[in-house]
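Only one chain is given next, in structure tokens, and it is the form predicted on its own.
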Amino acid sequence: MNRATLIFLGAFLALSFSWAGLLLSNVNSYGGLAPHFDETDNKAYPAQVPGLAAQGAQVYADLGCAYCHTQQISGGEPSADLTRKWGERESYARDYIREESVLLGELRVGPDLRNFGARDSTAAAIYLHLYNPQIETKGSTMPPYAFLFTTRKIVGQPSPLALDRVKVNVPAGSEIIPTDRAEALVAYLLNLRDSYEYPVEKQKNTPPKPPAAPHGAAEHKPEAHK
């Protein structure tokens, strides 16, 4: 074995061990996180994902929503995500520990959805947007998901989940209602919210206050040039 081969193998092994060490340390750190119990609220955060919302997470993944939407609020100063009101704070690793699959996303074509449930939105508005995004958002690049809905004859009273007849074209005597998959997806979206501020993460991410000026020290002001 010549010298060049030994150098190559040595460099390869060094990089491999470094990469593995970095990966394992992050996995261990994430795996060691636990929900934070707030004695004031008598609740654990993050909360357990409700059953219907957990089913909706699978629908979200199956539809490939993560290709166009992220679920991670960036921090730093300034933060464009916080300026857009996509969240009240940046995302922490602890936010995701209840999730079976972490859907961070691959590309942000549409808005970040990590705190979608905390925004001023209703199930009726989300259903309408899923059925045809162009109804409320002209020029939206989001494709319609009309296959998540079904048209049926009205028997007795109309369904409370039926789409607004004024905004969609519905045959006379019929209504368009969401399927079980659509209901689960909307439940998942409305459950997305990270409003709780964990004490440990808050302490780590709060920038230190600038040192106070010594008591009695005169403020130095540069003399004006004459």
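One-based numbering along the sequence shown. These numbers were taken from a predicted model, which means no experiment stands behind them.
There is another form of the same protein, the form predicted together with heme C (HEC); it is not shown, and what comes next is about it.
When heme C (HEC) is considered in the predicted complex, only one residue from 161, 54, 63, 170 comes within 4.5 Å through any heavy atom, namely 63. For the chain shown alone, residue 189 is a contact residue for heme C (HEC) in the predicted complex, at least one non-hydrogen atom being within 4.5 angstroms.
Using a 4.5 angstroms limit between non-hydrogen atoms, residue 119 touches heme C (HEC) in the predicted complex.
Taking the partner from elsewhere, residue 129 is found to have a heavy atom lying within 4.5 Å of heme C (HEC) in the predicted complex.
Interface residue remark: residue 109 is counted as part of the site for heme C (HEC) in the predicted complex, having a heavy atom within 4.5 Å. Only one listed stretch (66-74, 42-50, 162-170, 195-203) carries heavy atoms within 4.5 Å of heme C (HEC) in the predicted complex, and that stretch is 66-74. Residues are counted as partner-facing when one of their heavy atoms sits within 4.5 Å of heme C (HEC) in the predicted complex; in 135-157 these are 137, 140, 141, 142, 143, 145, in sequence order.
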